[in-house]
Ligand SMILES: NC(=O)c1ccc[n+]([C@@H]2O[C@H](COP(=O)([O-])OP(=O)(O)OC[C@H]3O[C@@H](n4cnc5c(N)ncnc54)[C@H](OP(=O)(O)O)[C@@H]3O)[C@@H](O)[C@H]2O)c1
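Given as structure tokens, the chain that follows is alone and in the form predicted on its own.
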Amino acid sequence: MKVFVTGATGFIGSAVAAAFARAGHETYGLFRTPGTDRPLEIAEVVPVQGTMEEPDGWRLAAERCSVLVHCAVEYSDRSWDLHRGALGALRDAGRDRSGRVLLSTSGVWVYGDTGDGAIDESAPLDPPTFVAPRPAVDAAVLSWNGGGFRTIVIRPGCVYGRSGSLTASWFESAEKGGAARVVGDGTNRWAMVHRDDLADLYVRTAESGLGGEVLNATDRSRATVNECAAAASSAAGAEGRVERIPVEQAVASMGPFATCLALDQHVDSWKAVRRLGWTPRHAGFVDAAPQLYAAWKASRGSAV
């Protein structure tokens, strides 16, 4: 297959593009900043320079591909408009051509606080303010399914590994401030997934015949945020110390994003396991914290 991946130099997109290339697919990766394409070439991904603001610059490359994967993220006031625009361009590149598939990246935060009881893809959505527009975007993607054009929404948990993404802040605060910093009391649990396991799910989904589906992507770990942060703190030489920031204080400095960090979630991914044979190979953050810390340190200053 020919595969086009937006955000191919980002935290999730780089892993996804590399996984498709390793699986033997001819893979094209959209990158934004000149000079950041070398990691794509190393991963045997063909670089395509462009931005979400100007989809006409990469539309032809996307039209040549049968698999369209949206992983790009823009952190700004216009992020949702750009997100919708990029997805619309991918839709236009694929839906009038039989045998095309669009995979759109969402996230489990749309379920809100789930507590201890496990929920699956059928659960009602209760998104916090930071991701409030996402359910409508996901619904639009699913509505495009049909006529030989398959669309799937993938909802990852908090993704860890390599440069760390959200978990990087635990290592950084432990290394610089002597304690891993968390939002809230830390008794909540994050639904999590390693970036390589997540990338494997994208490949399996594209190679399947699924369409019009939502797939959660989480591992089986159930450690609390306190336990994860303490493991990160120990790995970073801070002797397991954890600093807890009240949610209200975190919101004042970080905005509504902070409330997502305090969510307590137990999100089930058995649908992907049953229908695609997907089995996360990484057991969880806590046991791997020393290796994850080493990967985080090694990744700093790299292009991806």
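Since we're looking at a predicted model, the values are computed, not measured. Numbering starts at 1 and follows the sequence shown.
This next part talks about the form predicted in complex with the named molecule, which is not shown.
- Although the partner is absent here, residue 186 is not a contact residue: none of its heavy atoms lies within 4.5 angstroms of the named molecule in the model of the complex.
- Interface membership of residue 249, defined by any non-hydrogen atom within 4.5 Å of the named molecule in the model of the complex, is ruled out.
- Among heavy atoms of residue 50, some come within 4.5 Å of the named molecule in the model of the complex.
- Taking the partner from elsewhere, residue 74 is found to have a heavy atom lying within 4.5 Å of the named molecule in the model of the complex.
- Heavy atoms within 4.5 Å of the named molecule in the model of the complex map, among the stretches 25-33, 249-257, 270-278, 60-68, onto 25-33 alone.
- Contact with the named molecule in the model of the complex, judged by any heavy atom within 4.5 Å, is made by just one of 118, 82, 110, 214: 82.
- This chain is drawn without the named molecule; in the model of the complex, the residue among 125, 132, 166, 139 with a heavy atom within 4.5 Å of it is 166.
- Residues 7, 8, 9, 10, 11, 12, 13 are the ones in 1-25 with at least one heavy atom within 4.5 Å of the named molecule in the model of the complex, listed in sequence order.
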